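Quick setup: one chain, the form predicted on its own, written in structure tokens, and binding and motion questions come after.
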């Protein structure tokens, strides 16, 4: 029972991080039809900005640094969409052509961001030593519990934003039928830029939290991009709630496999991915 408890708790903790990592990508693809292969690089940026702020003379608390990494990455994402991806959209004759062009552009963006980060920080591993003591009686690192709490708060705030605010309703309308939403007065270009910026901001927040849990390096982005893609497909392409559920499912699967054979974890991810495509291609919450 102790083992089962630890697997479930740790799986939920890891799943919460996976959900936050994936929600941004789901938002970018579900509304803007941009399969952002460079998504993980913005997680890396969030991690290193947090590391830099924590290790600098101001010694800023990693949780407080979210107030810097989130707006910073949002602005980067907004600018990227308002310039690069909007130009690709305007010059693409069909949505399918745009999806292909945007994916290729994001591949290029991946290597640009990764190599700039490598020039600045090098290739070595770094670690933010923050709340790494265990909770009495549970043997669970305090930083993981704090990270899960932050993920839950962000998830609730994001749900309220989508459900209650005018921009949130515009985002949901644009994801369902962008043409009709435009006819109803929604500024589609503005909504798409905001969605892409929010997706990048989610990645930045996830990076800030990940820097307190694991060692970080400038080549870390690709593995989280792969995890995000698996979770997005698992939850259902374009479904934000599906990405949250998919993240938790993948986190629990990860911990079950890690308990028996840690080297099989990545294999388990892809097996879940393949089985889902065979049994339920539209995902858990896909339509």
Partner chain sequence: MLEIEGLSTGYGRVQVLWDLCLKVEEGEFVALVGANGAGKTTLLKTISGVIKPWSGSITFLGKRIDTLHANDIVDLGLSHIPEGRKLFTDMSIKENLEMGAYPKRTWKERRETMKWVFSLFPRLEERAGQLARTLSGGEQQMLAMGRGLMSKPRLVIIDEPSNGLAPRVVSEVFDILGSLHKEGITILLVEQNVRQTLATADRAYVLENGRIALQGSCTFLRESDHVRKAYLGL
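Positions refer to the first chain, counted from 1. Not measured: the values here are computed from a predicted model.
There is another form of the same protein, the form predicted in complex with its partner chain; it is not shown, and what comes next is about it.
Remark: none of the three candidate residues (94, 99 and 101) comes within 4.5 Å of its partner chain in the predicted bound form, counting heavy atoms only. Shown without its partner, this chain lists 115, 123, 83, 180 as candidates; in the predicted bound form, only 180 has a non-hydrogen atom within 4.5 angstroms of its partner chain. 170 is the sole member of 105, 170, 213, 148 with a non-hydrogen atom lying within 4.5 angstroms of its partner chain in the predicted bound form. The shortest heavy atom separation between residue 163 and its partner chain in the predicted bound form is within 4.5 Å. Among heavy atoms of residue 184, some come within 4.5 Å of its partner chain in the predicted bound form. Taking the partner from elsewhere, residue 176 is found to have a heavy atom lying within 4.5 Å of its partner chain in the predicted bound form. Of the stretches 186-194, 74-82, 140-148, 126-134, only 186-194 has residues with a heavy atom within 4.5 Å of its partner chain in the predicted bound form.
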